[in-house]
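Below, in structure tokens: the form predicted on its own, a single chain.
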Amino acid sequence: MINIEVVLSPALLHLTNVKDCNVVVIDILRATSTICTAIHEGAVSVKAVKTPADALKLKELGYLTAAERDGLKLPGFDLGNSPFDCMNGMVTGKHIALTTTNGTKCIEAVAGSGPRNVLSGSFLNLEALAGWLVNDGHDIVLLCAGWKDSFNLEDTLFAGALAESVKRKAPCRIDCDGTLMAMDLYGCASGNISKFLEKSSHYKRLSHLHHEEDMKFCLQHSVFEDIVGLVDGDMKKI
């Protein structure tokens, strides 16, 4: 029976044993949604790095560089942290070095803790990801990137949606209060997720920066079949 645990913030990750688990990193607005989009659009890989300087070092090796802080693309980089930056052939056949405010550091943080797999979670590939997790059959940890180590609504909402989908497909053990809360939150919001999130801090932050189209895109359900996971240090289609 698959156990599902939700970690509501990266600041709580040290309390969770992820060894041999499938860890899904969740940064819905926008890093993991952008990673899934980049791979769907034909990027060979996305390397999550901590700092802009780390990304720029990889430019010398032929990587496209992508950087965002506090919702804004950093000057001097090829791309920001928007799914739309990855479309129209921009990333096809390319390797990308990506650094963001929240999501990319979570990928790096969990990679060295012995997980079975590190996966990129988004509403865009929700059902495909749930099916993959069920077929693999191992325990699941859903790691919410949050906002600067704090809880946020959108990542927790997706964790609840993914837990619900896995539970529909296979017997699960859910003894984690974080998982129960996330599932209840999704139950409250599922009728109109966009409307529910309008009151959230990051939705307001990104709206102020005119990223409404990004958010609308990221909240689409199950439009991709791609499963994206960490392979030899880079996020790739698996």
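In case it trips you up, residue 1 is the first one in the sequence shown, and so on. Since the structure is predicted, the reported quantities are computational estimates derived from the model, not experimental observations.
Only in words, not in the display: the form predicted in complex with a small molecule, which the text now covers.
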(message) So the small molecule isn't shown here. In the predicted bound form, which residue out of 39, 29, 182, 48 has a non-hydrogen atom within 4.5 Å of it?
(response) 29
(message) Counting only non-hydrogen atoms and a 4.5 Å threshold, tell me whether 123, 160 and 165 all contact the small molecule in the predicted bound form.
(response) no
(request) Using a 4.5 Å heavy atom cut-off, indicate which stretch of 127-135, 68-76, 84-92, 111-119 touches the small molecule in the predicted bound form. (result) 68-76
(message) Please tell me whether any heavy atom belonging to residue 156 falls inside 4.5 Å of a heavy atom of the small molecule, as the geometry stands in the predicted bound form.
(response) no
(message) I'd like to check something about residue 189: if you look in the predicted bound form, is any of its heavy atoms closer than or equal to 4.5 Å to a heavy atom of the small molecule?
(response) no
(message) Can you work out whether residue 206 and the small molecule are in contact in the predicted bound form, taking contact to mean some heavy atom pair no more than 4.5 Å apart?
(response) yes
